[in-house]
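Given as structure tokens, the chain that follows is alone and in the form predicted on its own.
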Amino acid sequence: MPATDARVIAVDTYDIRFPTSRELDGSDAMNPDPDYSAAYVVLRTDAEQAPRGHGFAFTIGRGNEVQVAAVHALRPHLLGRSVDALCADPGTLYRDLVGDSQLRWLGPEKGVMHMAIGAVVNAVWDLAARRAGKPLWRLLADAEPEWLVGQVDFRHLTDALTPDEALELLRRGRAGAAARTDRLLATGYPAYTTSPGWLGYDDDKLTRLAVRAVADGFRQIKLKVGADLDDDIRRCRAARAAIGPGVRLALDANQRWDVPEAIRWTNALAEFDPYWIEEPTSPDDVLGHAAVRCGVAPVKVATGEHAANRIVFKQFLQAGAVDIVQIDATRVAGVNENLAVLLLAAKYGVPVCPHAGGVGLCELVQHLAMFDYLALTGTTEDRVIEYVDHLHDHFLDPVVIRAGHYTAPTAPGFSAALRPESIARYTYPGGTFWTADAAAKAAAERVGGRAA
């Protein structure tokens, strides 16, 4: 890019909420009524007709205003910053944000503040990819290994992964990348779907959506479990009958169980040949996951969507506590920290199957998985990206699924930009949907009061 003197002049934040709880979309054993939401951020610059950077943190309703406030707290680190410098080295901003000597007390490097950092850092990567005229997956795959290593914070990691080891992984990973890029553009990246499996769906809906998923080319579906064992047995039986023996069935307990319960419950479902059990216990319990892994084999253990940071992932891998690493594009501090996790997983030879769904998680995480395939591990064997078929129409560059595969995005950026009309409609509480909803509820209460 030609040098400019452009600066960041605004960090716009929005509390975006969708009423998904009304159809029980997203329902699971721990979160029965989620309203999928996003603390959305837009970076604006003073360059005429210049692209903007878009990012967000995903939440599920109440508390999204807290997440927005956390993003707002990072404004001083961005206003007036050189756009050229930001895009040339997002890692510098990442280190400044996680190293803020007062804000870091709210973590450090975990929770709401860390997710806010991820939203802002991802917005910078979106801006960088837009300015380069490339989708993020290609920007990362084309980058020099030395530059990528410089984007990673190796503090607290070097007992498991050193910069030299990471550099060697990336140098080896480049071999054959051109041919893999052609294959990716032709066939896409394998996906699995959770759309049939929400806990609030009845058996007829589960069966109908599972049959449709197989017809659409998916070779793996996932069911939410953990609220009632008899219900889970019935639902797993219905799902297995719908998809047949040749399609993988994954299970997700969303942290519901203690360790002994996780082992008992998973083994009680073993007759349905589950491929993995996801988040069987607390996302922070490394040794608990290791015990579950021993107790439920050959069923695999998957976790990571709620892992707070790269250090937690490091411990899961060091302890042999996980068979499937699940990164999340907005839980940790953005692209930089997810690069660290991808490198750790590659070092330990554990496949990464990203968590997605939510608001825009599919749009983001596809870029990271495609980079991993092209320029790091070189394989999609036993690797799939989660897919959920809702809320994509609110994005300017939504995911495209063909024959059970993510189609590689071609538009520049990180696929993070929401449609202006969706922002206007679903910003809480003043968007047109929410104001109309509040008015309807108030009218119903008045009618009810008169009837009483």
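Position 1 is the first residue in the sequence shown; the rest follow in order. What you are looking at is a predicted structure, and each value in this text was computed from that prediction instead of being measured.
The form predicted together with a further copy of the same chain is left out here; the points below concern that form.
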{"property": "4.5 Å heavy atom contact, residue 102 to a further copy of the same chain in the model of the complex", "result": "yes"}
{"property": "Contact of residue 305 with a further copy of the same chain in the model of the complex (heavy atom, 4.5 Å)", "result": "yes"}
{"property": "Heavy atom of residue 329 within 4.5 Å of a further copy of the same chain in the model of the complex", "result": "no"}
{"property": "In the model of the complex, residue 258 touching a further copy of the same chain (heavy atom, 4.5 Å)", "result": "yes"}
{"property": "a further copy of the same chain: the contacting residue among 60, 401, 42, 388 in the model of the complex [heavy atom, 4.5 Å]", "result": "60"}
{"property": "Among the candidates 82, 92, 267, 315, the residue which, in the model of the complex, approaches a further copy of the same chain to within 4.5 Å (heavy atoms)", "result": "315"}
{"property": "Stretch in contact, per heavy atom within 4.5 angstroms of a further copy of the same chain in the model of the complex, of 214 to 222, 364 to 372, 70 to 78, 192 to 200", "result": "70 to 78"}
{"property": "Complete contact of 108, 111 and 311 with a further copy of the same chain in the model of the complex (any heavy atom, 4.5 Å)", "result": "yes"}
{"property": "Sequence-ordered list of residues in 250 to 288 near a further copy of the same chain in the model of the complex, where near means a heavy atom within 4.5 Å", "result": "255, 256, 257, 258, 259, 260, 281, 282, 283, 284, 285, 286, 287"}
